[in-house]
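First structure 1, then structure 2: two forms of the same chain, each alone, as structure tokens.
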Structure 1
């Protein structure tokens, strides 16, 4: 069986930054593998190591720059990668859920996976919706926010835990083919080994344009338009202790004593 894992390269913003138009200035951004996708990749690779999965393929919507991140996923054990990008996508400052669904659907049709793993959300635009939208579009069953996965290959069923709010988990049986959105903490993502990094250099990253995946520009017309970006106004009315570590610690200790919680 084959697992397709969505891998997104996300930008992380430095503590101090400036906004230019509706974007954070490029020099304040650092790119990395989306944290949730890291867990999804690990889950897929573990399924392969345990037996039932023969191939783990990653799919990324992203520019050439994202190949560094894709190599990281390959170094951790994915077999090969598909990267979809197009000049037409370059100008969009916000790819909406529908656009991403259309692009991923095209790749699913080509790859024909039995299981699709996505991260619960991405650390940058934080929609948290693409996996379930994709599942509905391609006619797969699904489960959102999965933090435990036990796959029964003979039955073709994934026994999952969905992490609800407030320390409650829902136990659900999901028939394959399915899309599962993977929550952090489900496993311990490995670090890429030197050997893995070396091997990743020779693994395939297939680059596809809109045309290659059989879509036209209409498939990526976003209904969502970002019109403004700004720093939220600080609502802080905290009293900030001034001074060196010793002085601030002394003030803090006074507060704790005043409140009667420490002596």
Structure 2
């Protein structure tokens, strides 16, 4: 049994930053593994440790810089990785859900996994739709926002617990092959050990261009265009009370009385 995990490198923005055109300046960004994908990697590795999974493969869409992030997933127990990138992707303004689906579909066809795990969403664009879109495109069963997973290898069924809107919880069975989008809190992602980090340096990261996955530039044409980026204005300013505990408490009481909160 093979599990394919989609992973993404996301940017974290510094507290103070500047917008340059339609992007945040590169010098204000730090990159890390997407939080939701970290839980998906952990779930795949745990399935492998329990026995039914023979191989865990990660796939990412990203430039060479992202290999440092990919190796963290390898250090946590993934066996190998696939990285899809191309000059045409470098020039794209926005990688929307359809574009990512096209690229991931090509990798799924080549890898032929039994189970695909994705994070529910990414911490940057927050589309939250790529996993379900991929399942629809490749014809797999799917389950979204999974916060508990128990796999029955003999029956080929994933017993999943899903977190739905309005606090509704659902327990359902999903036959494999399937795509599951993983919610945070389903497990406790492990830290990469020094041994794992060393081993990750020798694990394979296969880099594939559009040609390598059988696609052309038309597969990444998007109907979405980034037209502007701006920092939203704050609706109110915070007032900082200075002084010792007694002084700040007295000032707070005055403000509450002025607002009609306290008599």
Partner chain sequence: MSDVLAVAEHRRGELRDVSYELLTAGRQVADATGGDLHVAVVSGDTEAFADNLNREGVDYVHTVGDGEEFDHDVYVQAVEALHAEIDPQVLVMPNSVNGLDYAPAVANRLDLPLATDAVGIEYDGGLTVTREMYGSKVETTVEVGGDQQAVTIRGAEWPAAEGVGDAEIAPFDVGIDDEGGATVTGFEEVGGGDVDISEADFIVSIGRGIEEEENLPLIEDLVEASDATLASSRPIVDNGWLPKNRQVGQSGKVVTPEVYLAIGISGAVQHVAGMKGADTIVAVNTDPNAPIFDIADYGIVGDLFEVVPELIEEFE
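Each form is matched to the other, and the largest set of C-alpha atoms that superpose within 1.5 Å is called the rigid core. Residue numbers count along the first chain shown, from 1. Since the structure is predicted, the reported quantities are computational estimates derived from the model, not experimental observations.
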* Do you think the form predicted alone is shown as structure 1, or as structure 2? -> 2
* Align both forms on the core first, then report whether residue 250 has a C-alpha shift of 2 Å or more between the two structures. => yes
